[in-house]
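Okay, here we've got a single chain as C-alpha cells, the form predicted on its own, with questions on binding and movement later.
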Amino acid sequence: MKRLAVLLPVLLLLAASMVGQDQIRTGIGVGGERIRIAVPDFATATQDASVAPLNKTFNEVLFNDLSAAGIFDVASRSFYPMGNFAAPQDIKLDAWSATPVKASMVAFGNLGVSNGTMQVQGWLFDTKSPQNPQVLAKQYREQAIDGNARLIAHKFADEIIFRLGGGINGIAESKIFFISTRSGHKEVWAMDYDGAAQHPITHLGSISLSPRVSPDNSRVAFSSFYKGGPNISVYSLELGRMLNFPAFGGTNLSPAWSSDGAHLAFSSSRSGDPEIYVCDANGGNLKRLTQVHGPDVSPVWNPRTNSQIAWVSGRSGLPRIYMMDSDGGNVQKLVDNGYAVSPAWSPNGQYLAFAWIRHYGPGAPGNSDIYIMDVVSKHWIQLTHDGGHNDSPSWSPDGRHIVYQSTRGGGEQIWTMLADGSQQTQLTFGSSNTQPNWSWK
C-alpha cells in the first residue's frame, strides 16, 4: 500500500501529461494520419534550351513543398510506375493506387517555354475515384526565369494543400524575416519559407533586433540603434525605405503587431522601468499597460481576438510568461517555474510557443528548449530536446509549423519544424542568424 501511495501521484501526472499532448496534437492538426500522395516529375512540353533547368527547379520545389506541408505522406519516387505523365490520359489510376505506390492522390503535369514565357499545366487526381478523379486543374504563365519556376511550384503546392488540408492556406509562398550579421552588422533579412532567396531588407550599418512583419506584409517593425536608441523603427517593404516613427525615450524593444495591423505593443523603459506599452500603427495614442516593478518585455497579441497580450515579466524574480487583457487588466501567470521567455501565439489563439529552461540554476540539467502550451488548460509539450540553446519561436500562418533559432550546430542558426516537433530542418548556415518571424500569409 505504501508503494502504491508513492506511485499514484506519478502515474496521475504522467496520465495528465499524455492527455495534454493528445489535445495539443489534435488542435494543431499534425501528428495524425497523413494523405498518401505521389508527385511524379512534370514532363517537358517544348524543346526550348531553358526548359530542362526550369523544370528541374520546379519539380524539386513542388516535391519539397508537399513533403514539408505536414499533412502528406509523399510516396518515394522509386516506387512510381515507368512513363511520361504529362497529361490526364497518361495516368492509369490503378497503377498509382496499387502496391508499392499506394497513393490516394497523384499530382502531375507538364512545363514548357515559348518565346521567353514559361507555361505550366498541373492536375491533381484522386486515385480512389475512377469515375471522376480530377480534384484540381491549374495553368500558369510567367516569364521563363528560375525564380518564377519556384513561384509557380509554390502556387501549385499551396492549391493542393488548400484543397486537401481542410481549407487552410498553404505556406509555400510565405516569408521569414530574421536578423543576420553576414554583412558585418545586425540587419533585417528575409527569405522564403524553405530558406531560399535569402536577402537583406535593411542597410542601416547598425544594430537591429526583433523584426516583426505587419499582417498585410507591407511593413516590418523592429528595434534599432541606427538613430541612437534603441528605438522602435518601421521599414516599408512596398516603398523600400524607413518610415517616420516617434522616439519615445528610454530603451524600446520587441514590437508586435495586432492582427488587424492597427496597433503595436512593445517594451519601453521611458518611465525608468521596462514596461509594456501599446500605440497606434503610426506611433500615436501611446498607452502604458503594466505598472509593476521588474522588467516587462516581449509582448505578443492573441491574433484570434486581439483582446489578450502575453509577455515576459521579471516581477517575481526569474523571467516568466504572463497574460493580460489588452487594456492591462486580468493579469495571469502562465509559467510558474524555471526561466521562460519569447512567447509566440498560434494563429488560432489557442496555444503559446515559448522557450523554457524548466530547471534553471547552477548545476541544473537541461538547455533552453521550445515548448507549446494550451493557454486554457495550461497543458504543455516539449518540442526540442537538449540540442543546443533553442529560442525565439514563431508560428507559420497555417499553424502547422514553427520557426526558431538554435545553437545545436555550434552557432546561432534558424530552423523550422512541424508543430509536433518533427521534421526539424536547418534553414541558415554561416554567420549569426537569429530572431525569426514568420509572415502572416
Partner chain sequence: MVLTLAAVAVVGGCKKKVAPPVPPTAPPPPQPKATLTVSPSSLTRGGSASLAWTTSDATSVKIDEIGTVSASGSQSVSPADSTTYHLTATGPGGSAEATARLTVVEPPPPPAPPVATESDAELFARSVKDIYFDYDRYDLRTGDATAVNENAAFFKEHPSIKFTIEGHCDERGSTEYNLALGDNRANAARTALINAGVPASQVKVVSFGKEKPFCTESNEDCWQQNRRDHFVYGQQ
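On a predicted model such as this, the values are computed, not experimentally measured, just so you know. Numbering follows the first chain given and starts at 1.
The same protein has a further form, the form predicted in complex with the partner chain, not shown here; the description that follows concerns it.
Of the heavy atoms in residue 128, none are within 4.5 Å of the partner chain in the model of the complex. By the criterion of a heavy atom within 4.5 Å, residue 184 is excluded from the residues contacting the partner chain in the model of the complex. Although the partner is absent here, residue 319 is a contact residue: one of its heavy atoms lies within 4.5 angstroms of the partner chain in the model of the complex. Although the partner is absent here, residue 154 is not a contact residue: none of its heavy atoms lies within 4.5 angstroms of the partner chain in the model of the complex.
The candidate spot formed by 261, 304 and 437 lies out of contact with the partner chain in the model of the complex, as no residue has a heavy atom within 4.5 Å of it. Considering the partner chain in the model of the complex, the lone stretch of 209 to 217, 128 to 136, 282 to 290, 190 to 198 in range is 209 to 217 [heavy atom distance within 4.5 Å]. Proximity to the partner chain in the model of the complex, defined as a heavy atom within 4.5 Å, holds among 110, 254, 202, 346 only for 254.
This chain appears without its partner; in the model of the complex, the one residue of 366, 229, 81, 328 with a heavy atom within 4.5 Å of the partner chain is 229. Annotation for 322 to 343: interface residues with the partner chain in the model of the complex are 339, 341, 342 [heavy atom within 4.5 Å].
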